[in-house]
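Just one chain follows, in the form predicted on its own, and it is written as structure tokens.
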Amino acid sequence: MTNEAEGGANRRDFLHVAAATMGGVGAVVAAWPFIDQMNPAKDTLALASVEVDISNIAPGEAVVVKWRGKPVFVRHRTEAEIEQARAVPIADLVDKQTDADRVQEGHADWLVVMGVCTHLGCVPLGTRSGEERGDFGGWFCPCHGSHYDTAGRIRKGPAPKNLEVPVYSFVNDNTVKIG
């Protein structure tokens, strides 16, 4: 009799474990669509990086590209702009970064920065020809008067930080990959 009682208890325990396991699997299968919908959409993932052809950008010119819904300024700096940026004493800067901190080694003539003012998020002028570049030859934010230099560093106005440098790399001599 004790053998049957033990066998009954083992079978009953197995049925409880099997039912709980199937219930758990069912809950995961039911919850998966809700969890999966929190992943980024395919069109968002496509914008995770953007490649920019820089072969047609002459020294002293810049282009604006969109990356993750925000403008990015890609400027081909002249030797004079590079020298001007390097000559600024760090003590004169609000957000203390050297020019070398803001460009990639071996590519000092290319500056890639987010085109969003760090004060309240306006888009600074100075990328297109004929636009106001501010007192330091870089960018000028028309919303509240922030002036950025040729390295995208804040020099005058209410902006607390330099223009952000996104993650970027040079794919080859003619292409920059942002993101």
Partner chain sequence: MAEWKATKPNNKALAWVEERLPIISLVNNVVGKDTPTPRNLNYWWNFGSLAGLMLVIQIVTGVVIAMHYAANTGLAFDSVERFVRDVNYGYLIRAMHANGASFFFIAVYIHIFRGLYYGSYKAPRELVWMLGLVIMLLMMATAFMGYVLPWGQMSFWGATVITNLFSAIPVVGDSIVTLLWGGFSVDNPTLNRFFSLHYLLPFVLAGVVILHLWAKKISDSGNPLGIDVKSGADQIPFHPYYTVKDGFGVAVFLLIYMCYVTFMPDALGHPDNYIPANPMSTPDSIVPEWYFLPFYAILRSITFDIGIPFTDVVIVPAKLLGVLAMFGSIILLFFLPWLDTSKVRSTKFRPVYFWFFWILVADMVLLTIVGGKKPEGIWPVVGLIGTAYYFAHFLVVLPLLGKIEKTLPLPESIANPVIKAAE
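It should be emphasised that the depicted structure is a prediction, and the values quoted were computed from it without experimental measurement. Positions refer to the first chain, counted from 1.
Omitted here: the form predicted in complex with the partner chain. The next part is about that form.
Peer 1: Whether Ser55, Ala80 and Arg155 jointly form a contact site for the partner chain in the predicted bound form is the question; each needs a heavy atom within 4.5 Å.
Peer 2: Looking in the predicted bound form, the three residues Ser55, Ala80 and Arg155 all stay beyond 4.5 Å of the partner chain (heavy atoms).
Peer 1: Report whether the minimum heavy atom distance between Asn39 and the partner chain in the predicted bound form is within 4.5 Å.
Peer 2: Judged by the heavy-atom cut-off of 4.5 Å, Asn39 is in contact with the partner chain in the predicted bound form.
Peer 1: With the partner left out of view, is Lys70 within 4.5 angstroms of the partner chain in the predicted bound form by any non-hydrogen atom?
Peer 2: Contact with the partner chain, yes.
Peer 1: Classify Arg133 as contacting or not contacting the partner chain in the predicted bound form by the rule of any non-hydrogen atom within 4.5 angstroms, answering yes or no.
Peer 2: Taking the distances in the predicted bound form, the answer for Arg133 is no, it never comes within 4.5 Å of the partner chain.
Peer 1: Is Thr150 close enough to the partner chain in the predicted bound form to count, meaning some heavy atom within 4.5 Å?
Peer 2: It does not: once the partner chain is placed as it appears in the predicted bound form, Thr150 has no heavy atom within 4.5 Å of it.
Peer 1: Relative to the partner chain in the predicted bound form, which residues of 123-162 have a heavy atom no more than 4.5 Å away?
Peer 2: Residues within 4.5 Å: Val123, Arg128, Pro142, Cys143, His144, Gly145, Pro158, Pro160.
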